[in-house]
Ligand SMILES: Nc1nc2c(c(=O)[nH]1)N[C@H]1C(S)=C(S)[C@@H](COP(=O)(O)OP(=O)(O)OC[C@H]3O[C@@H](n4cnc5c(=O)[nH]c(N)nc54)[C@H](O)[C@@H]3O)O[C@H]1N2
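The chain below stands alone, shown as structure tokens; this is the form predicted on its own.
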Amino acid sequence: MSETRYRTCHLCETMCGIAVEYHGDEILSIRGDEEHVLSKGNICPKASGLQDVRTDPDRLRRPVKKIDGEWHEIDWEEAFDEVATRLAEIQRQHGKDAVATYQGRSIAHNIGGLLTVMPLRALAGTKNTYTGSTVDQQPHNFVWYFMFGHQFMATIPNLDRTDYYLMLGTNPKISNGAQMATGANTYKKLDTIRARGGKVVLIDPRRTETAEHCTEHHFIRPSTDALFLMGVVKVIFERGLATPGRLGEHIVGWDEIEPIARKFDLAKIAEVTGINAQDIERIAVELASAKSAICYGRTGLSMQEFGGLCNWLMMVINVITGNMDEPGGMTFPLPAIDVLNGVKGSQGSWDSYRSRVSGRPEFAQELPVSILAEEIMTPGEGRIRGFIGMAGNGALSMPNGKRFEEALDQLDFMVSVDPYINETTRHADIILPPVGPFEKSHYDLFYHTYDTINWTTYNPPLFEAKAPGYTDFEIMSEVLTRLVVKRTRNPFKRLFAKLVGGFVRRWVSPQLLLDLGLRFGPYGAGLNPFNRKGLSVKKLKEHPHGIYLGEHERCLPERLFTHDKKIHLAPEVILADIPRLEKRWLSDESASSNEFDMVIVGRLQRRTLGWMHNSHRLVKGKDSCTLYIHPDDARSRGIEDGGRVSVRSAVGAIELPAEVTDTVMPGVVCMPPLWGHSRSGTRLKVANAHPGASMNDVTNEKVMDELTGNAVVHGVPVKVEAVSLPHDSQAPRSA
């Protein structure tokens, strides 16, 4: 007899509910949970791939160690001891900063891994901390920190009540909405806005799958979004449409915005962006005149040359139209575990220290991943020699992935916490594999800060982990405890560290920490055993489909974290970046040309996710790693649909099939990221059979958003040419 358990899909920010039917240890099916408070049965195809992860023969079940270039299984005790010993030796000889830590984006969906982030930083004691945030979303956090006082004070578009929705650099039909999501099929919300007489406007260099659900779509030259947004701000002030709404007395810097926008010429903005001045004016007037409106953008804006300015200008537009913290505008969630108030050190910081080689400032106690390779490869005191990597495949996700791989080979020691031997972990000395996703508990601690409604749910493990399996939390607890002990020479401190470590191993668990967070959160039961309505882990277990906690309510100015409880509309550090925008696009220097006459941007795919490419359900069928190119560009270069092309940048080149389509604007090519499974030495049978090409073999780690330190992935200058290959050479590859 089969049974069904309900969980949350942990593959993206959308957090759809899934119903897992199983018999014994075997998963029979994964479908949408129709009673889930958020997604109501909606899921995307990626959820089915979790079934493959469960049974994947390539997934590691025991630690492996590289000996003379070959992988050998070792027991956990040996693995933990060697990892701690090697890292401690490096720090004793070369200082704590000689060890770097890196956590990939999937950590955000892993409660055990997420709960080790702060302890890892504190106990490793290194300034060299890196995460995947500086590849995709750092500009959001940077702007929230300087405007609202907290890096996680996420602004969420209130789609259910808006009358006008301006979107830039986002494709919710494929991404499931990210911060605008209420379960999969977010595009239905766009249809609903239009059905009630509202308007949805999309600005994107590609006519994406979402465009058909919008009132209008405008092509825009990549990396010029900040100019377009500045034009919108300019028109709003010129037409006398700027209004602070009820938050007027809680805004500082209002008078600095109009003079800045006034300096920009709308005709020049139109010329550079490719959107005519009349449309910019009309969009600005319609947005500012609507009863409620939203200006929203996602990673398409963050992962470009002016990601910080783009995100700041979007916030400015929402504030000066009176749509910040208002129904139908941008609103703020209140999660069951209030990370903003409850997690020490989460608020953020900036420039409290700088990187050794290029002097880049930290943000939120981490450095840009774009500089990680130079910190390993540049000789001198403080060079990174040891590396702890968790749940990240930087070889495919970091800019100039090949250079990053070269850097990894120069380390003295590398340990990876990862279930696979992939393009990055193949460089490790030891790999510590956590148990599978259904063998550990799940709670979206991080992504509940991006909720479109206030809700919560908790998932206990579906299957019991087979001994001697360890969760991410248990692995990192063991490594950190032993590292502290081995690094400490004082016998009394060593004894104390051992005692503390023993206590943590025996008594501290993600479930305990979650229970405390829920009990003392805004909806919590506290320690009152008679409070049956308040939240606790026990309460959540009784509601497997989740608990609805209410819609977003106005919370400003009380919830602001700035020292003066004001919205800082014009932070000096952000204003100082505006001359760079002017120099790049509006000065005589901007007219210079070179051999790279096109630019490349990325595109999301509905059925695939980078680390899930070893799922046969998600990669089967027609090759999806193709290069979109406009018919005019293809014709002028002798490129045929399906023909192979070379894409070359200042740092590298790749080859892949072309897909000729007018959905991408002339001068722009487009491909999906996180492919490139052609490296030798991996154990990814399915992925290697569908290798694709890595977009990050042509992105340049030396070019980043100078304001926020975020990597530049969209708008990279490239040269595209037709390639002639033998008929039997079909697989996309790095050139």
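Just so it is clear, the structure is predicted and the values come from calculations on it, not from any experiment. In case it trips you up, residue 1 is the first one in the sequence shown, and so on.
What follows is about the form predicted in complex with the ligand, which we do not show.
The candidate spot formed by 170, 440 and 696 is fully in contact with the ligand in the model of the complex: every one of the three has a heavy atom within 4.5 Å. Although the partner is absent here, residue 188 lies well away from the ligand in the model of the complex, with no heavy atom inside 4.5 Å. At the 4.5 Å threshold, heavy atoms of residue 213 stay clear of the ligand in the model of the complex, well away from it. For the chain shown alone, residue 457 is not a contact residue for the ligand in the model of the complex, no non-hydrogen atom being within 4.5 angstroms. The ligand is not drawn, but in the model of the complex it has no heavy atom within 4.5 Å of residue 64. For the options 141, 615, 158, 223, the residue carrying a heavy atom within 4.5 angstroms of the ligand in the model of the complex is 223. Checking 54, 679, 690, 46 against the ligand in the model of the complex, a heavy atom within 4.5 Å turns up for just one residue: 46. Picking from 494-502, 287-295, 569-577, 386-394 the stretch near the ligand in the model of the complex, with a 4.5 Å limit on heavy atoms, gives 386-394. Shown here without the ligand, the chain has 12, 13, 46 in 9-47 lying with a heavy atom within 4.5 Å of that partner in the model of the complex.
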